[in-house]
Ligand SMILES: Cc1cc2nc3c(=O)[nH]c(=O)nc-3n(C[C@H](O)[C@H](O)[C@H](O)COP(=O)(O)O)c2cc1C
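Next comes just one chain, in structure tokens: the form predicted on its own.
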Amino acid sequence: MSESTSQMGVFDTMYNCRAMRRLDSREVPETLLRDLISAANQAPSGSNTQGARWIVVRDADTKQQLAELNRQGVDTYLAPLIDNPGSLSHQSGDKRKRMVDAVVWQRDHMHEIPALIIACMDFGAPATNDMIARGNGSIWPGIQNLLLAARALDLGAAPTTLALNDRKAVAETLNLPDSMAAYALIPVGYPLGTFGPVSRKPLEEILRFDKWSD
């Protein structure tokens, strides 16, 4: 791990790990990118198979191709939300709109973000739909480790799956063998906004002991 690693405590990091989609275009040092992957690599995996694989994309042409795939996915997802983002019980209409605006900004600037990290799994054999579904439990702990490490290093990162809807196109863009599947694209860079506490539902709403009851 590089010497620049922040000394944020784990709870401070978790409670202030806001999704950062607006990112500066300035380069992120390779040492920090390696720190992120090293942190992701510490996560557990099913049967300790350690099948997670990580591709750090910095090449302009490859980023452009991924940005176009992301644009297609975002446009489909956001079509009903652009003019009417709505609201949720825990999120006001204004806050919901700010989230949509950030996703639109990321869509339009994805190719300018300095590093796009692709979280993959390698199954050692042609990947079936069942294998890919089971792989979620082994890749997402590593993704969360990476997000927390990014926050500790004052880097912005927020995973998206919208760029990966066309599995064949993703495989061709990244030269993936048929034994590998991509699970998330994580843009990484220095945030243009400011970090702060995340907003989450209260424990009283989401927690029960022993059995669920109202």
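None of the values given here were measured: they were computed from a predicted structure. The first residue of the sequence shown is number 1, and the count goes up from there.
Here the subject shifts to the form predicted in complex with the ligand, a form of this protein not shown in this document.
Partner contact for Thr160 in the predicted complex: the ligand, 4.5 angstroms, heavy atom: Residue-level check for Thr160: yes, a contact with the ligand.
4.5 angstroms heavy atom contact with the ligand in the predicted complex for Arg200: Answer yes; at least one heavy atom of Arg200 falls within 4.5 Å of the ligand in the predicted complex.
The ligand contact in the predicted complex: Arg22, any heavy atom under 4.5 Å: The answer is no: Arg22 has no heavy atom within 4.5 Å of the ligand.
In the predicted complex, Phe123 touching the ligand (heavy atom, 4.5 Å): Outside the cut-off, so no.
Segment that reaches the ligand in the predicted complex - one of 160-168, 39-47, 26-34, 54-62, heavy atoms within 4.5 Å: Looking at the other structure, the answer is 160-168.
Partner-contacting position among Ala127, Ile139, Val103, Ile117 - heavy atom within 4.5 Å of the ligand in the predicted complex: Answer to the contact question: Val103.
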